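Let's start with one chain on its own, the form predicted on its own, as structure tokens.
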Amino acid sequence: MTTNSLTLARCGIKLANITNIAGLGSLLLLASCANTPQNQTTQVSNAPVSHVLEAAHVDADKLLNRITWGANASSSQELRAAGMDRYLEQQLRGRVAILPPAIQAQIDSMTITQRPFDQLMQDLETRRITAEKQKGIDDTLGKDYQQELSRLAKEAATRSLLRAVYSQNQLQEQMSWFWMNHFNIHNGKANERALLGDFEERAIRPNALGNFHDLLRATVLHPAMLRYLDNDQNAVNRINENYARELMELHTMGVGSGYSQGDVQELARVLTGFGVNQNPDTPKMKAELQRLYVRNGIFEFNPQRHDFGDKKILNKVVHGRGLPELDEVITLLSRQPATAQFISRKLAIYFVSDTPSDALVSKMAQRFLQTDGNIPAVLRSMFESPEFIASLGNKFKDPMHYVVSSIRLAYDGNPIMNTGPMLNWLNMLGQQTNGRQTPDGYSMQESAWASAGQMAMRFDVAKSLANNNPGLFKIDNQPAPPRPPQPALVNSPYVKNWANSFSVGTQQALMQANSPQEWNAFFLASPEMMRR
């Protein structure tokens, strides 16, 4: 048995399960079980905002791999020009990013960009009702309606991926994904496929590096969340607790943090009347209730469905008065020490370690409370901690990080024209965009993704990219380009220099590559590319 075969055996992978592996070195990917950090030289910046990272001699490319979706030559140049601490500060501020023209043109051409959200949803509702009336007689309209929902969902996923790959504002894009996962919504329920794009664009992304209170409030008031967690069915004397429970259990305080079943029931009463209205008409009601009615697009607060009695949540009395009750409760929940701990731990798991220390989480939580939920302040306290610095290069990539970081490295400067292959890879790797059925979101821990089967599929992705996947550059309904851009890997001085810091085993495998394509595949499948 060869050394590489021994690696296979340790990972529990059967050779028969892996097809088209060319060359001995190809098996190096299976050393995903390995824990090989990357070593890169650190550049000194000028005029830093803070000296913490530079004083700690942090590896610049390792830092880049953690606070972005993946290092490449362009982002490395930006970081080195600004200096690590200033670059981090720029990322925390979430400045407006200018996308490459070809990428921006793709986004600008989308229906979700061009059509006002409320008009789009009202038109879809008309189509749904018409299709329902024809059901059993002519199902064509129903199929067309479902196809349109799927098309809109693909647009939303594509927009998110394009920004993740090409935006200079990388931390904002990562945080948008993090919060989308935290406030998870499944695309398979009702018409959520049409709602997700707006949920990300108006509720999540503008607040991803803002204040947690504002972020939480925006999610509560968005039709996508209200529909996903059944709050559009929550009305006085017909209480539905589903959203209230997840709001405390998953979105703010966390399980076992001190709230009771009674608190959940009282919160559900506060949320009565918060729903979705895809009809252009306002419901009829008495004049004294009409003045309390609120409509924003297809979001609706309907006072006829609201419980106006007083409530008691976490020992605080909330006087019944309609929509303003929500702001009082959002403030109450977002200022809970349990919420600060829960959110801080989740951020630390995403950015630092599967098992962050209690000391780090407590420090972040304290900052959360001191700043009233200022997300950049909490992140800064984490990024400048010794625990974060020591963790660089060791966090295992989930599928999204693996796919996006590979694309960023391979096609730095070359705009892809079709995210279809990326979406297929994410499906194949078990992390479909907005595909998590349960509201807890995808796991960010290594044990969820570091299986032998996952590594075999990642190698297939690496091979596809290494062989210059033409689908990435083929516009739908048009012929594929005769010569799509080559991935900038073996021919990139940046990548070659990076590879020099890889483990001896990885470098030996790269030396055994029989072609540039094989070298590219071995690099993308290396243990070092599995970590960030």
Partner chain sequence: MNRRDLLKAFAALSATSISSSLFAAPATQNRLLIVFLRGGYDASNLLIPTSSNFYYEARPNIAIARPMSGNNPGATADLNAALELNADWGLHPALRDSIYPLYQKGEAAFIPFAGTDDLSRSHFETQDSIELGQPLVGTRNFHSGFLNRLADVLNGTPAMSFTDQLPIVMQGKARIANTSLRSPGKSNVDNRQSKIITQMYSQTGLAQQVTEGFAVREEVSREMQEEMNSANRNAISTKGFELEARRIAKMMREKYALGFVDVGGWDTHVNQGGASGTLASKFDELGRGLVAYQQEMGDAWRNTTVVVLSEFGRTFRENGKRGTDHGHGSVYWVLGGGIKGGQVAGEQIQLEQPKLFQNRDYPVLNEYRAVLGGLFAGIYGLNASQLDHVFAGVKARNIGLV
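Because the structure is predicted, anything quoted here is derived from the model rather than measured. Residue numbers count along the first chain shown, from 1.
Separately, the form predicted together with the partner chain exists; it is not shown, and the next lines address it.
Contact check for residue 484: no non-hydrogen atom falls within 4.5 Å of the partner chain in the model of the complex.
The closest heavy atom approach of residue 438 to the partner chain in the model of the complex falls within 4.5 Å. Although the partner is absent here, residue 123 sits far enough away that none of its heavy atoms falls within 4.5 Å of the partner chain in the model of the complex. The partner chain in the model of the complex is approached by residue 242, whose closest heavy atom lies within 4.5 angstroms of it. Only one segment in the set 85 to 93, 383 to 391, 317 to 325, 260 to 268 has residues whose heavy atoms sit within 4.5 Å of the partner chain in the model of the complex; it is 260 to 268.
The putative spot formed by 246, 249 and 448 is fully lined by the partner chain in the model of the complex; each residue has a non-hydrogen atom within 4.5 angstroms of it. This chain appears without its partner; in the model of the complex, the one residue of 221, 253, 329, 455 with a heavy atom within 4.5 Å of the partner chain is 455. Shown without its partner, this chain lists 459, 368, 177, 166 as candidates; in the model of the complex, only 459 has a non-hydrogen atom within 4.5 angstroms of the partner chain.
Shown here without the partner chain, the chain has only 396 in 377 to 414 lying with a heavy atom within 4.5 Å of that partner in the model of the complex.
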